[in-house]
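The chain below stands alone and is given in structure tokens; this is the form predicted alone.
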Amino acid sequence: MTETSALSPAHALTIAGSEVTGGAGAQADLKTFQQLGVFGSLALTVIVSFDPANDWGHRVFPVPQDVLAEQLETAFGAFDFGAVKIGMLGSPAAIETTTTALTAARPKRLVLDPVLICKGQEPGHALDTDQALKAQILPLADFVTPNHFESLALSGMEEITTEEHLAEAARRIYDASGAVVLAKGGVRLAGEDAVDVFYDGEQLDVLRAPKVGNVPVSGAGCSLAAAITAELAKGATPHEAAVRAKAFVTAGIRGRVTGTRLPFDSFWQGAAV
């Protein structure tokens, strides 16, 4: 092994949408990869902006499917990725394009952050994407990181209000997909701790950290999945990756960006050192 190859970083790819403020989406993924010592690549699926004159409502612009397909062709042709993260795909068409590329490339480790909606969107806007994601991408995933709403959608449960509910959701999602699950409770569950449940078919571990406020921070979920992706790319086990990612995200929430004109606080990867 040459000195250059010995020092070469692990490589990871995110297939995700741009979020113009930099707090979430592909920007958060690439910042996370860099912070954790992983060389990051991006295939862009959608561009998300906001309308400052209309209560900061989301504006979503899909990338043409031939452009997405060519990005994926380039990325998989260039690198042997240690892990790949799936973020916001945005439409059944993008899911189909991405599925085709993943099936051909067969990446070593595939982390799915099952983004069904952007914050502020109605769940009904994502029903067709929800079904396509579950049918095409979820069966390919090695690790999945659903938030509260996504855990409900993927598990078929009517409510998740307790730690026991969250653990049951993690089990159901694993049984349905075979993917390792980190079901995120975050600030949605009552109590002093932000609780996430790890389940890999054998080990169930409840990961806890003191809550930092009671309002979700933009980009925390993206960064959690990206941190798991980075750690897997470096050779961590799924459980090790989940534990390290939890610590990374707790630090980034604690150091979150405040005082802007945005109606939300943003995750700060630089706070996790």
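In this text the structure is predicted, and so the values were computed from the model without any measurement. From 1 onward, residues are counted along the sequence shown.
One more form of this protein exists, namely the form predicted together with a small molecule; it is left out here, but the text below deals with it.
### Query
Among the candidate residues Leu166, Val115, Val144, Ala83, which is the single one with a non-hydrogen atom no more than 4.5 Å from the small molecule in the predicted bound form?
Only one listed residue qualifies here, and that residue is Val115.
### Message
Considering non-hydrogen atoms and a 4.5 Å limit, which listed residue (Ala183, Leu133, Leu154, Met88) is close to the small molecule in the predicted bound form?
### Response
The residue from Ala183, Leu133, Leu154, Met88 that makes the contact is Met88.
#### Entry: Segment assignment from 228-236, 24-32, 62-70, 242-250: heavy atom within 4.5 Å of the small molecule in the predicted bound form
Among the candidates, contact is made by 24-32.
### Query
Just to confirm, His58 within 4.5 Å of the small molecule in the predicted bound form by heavy atoms?
Flag for His58 set to yes.
### Task
Would you please decide whether Ala43 lies within 4.5 angstroms of the small molecule in the predicted bound form, comparing each non-hydrogen atom pair?
Ala43: no contact with the small molecule in the predicted bound form.
### Partner contact for Val48 in the predicted bound form: the small molecule, 4.5 angstroms, heavy atom
Val48 belongs to the contact set for the small molecule.
### Query
Do Leu224 and the small molecule come within 4.5 Å of each other in the predicted bound form, heavy atoms counted?
No - in the predicted bound form, heavy atoms of Leu224 and the small molecule never come within 4.5 Å of each other.
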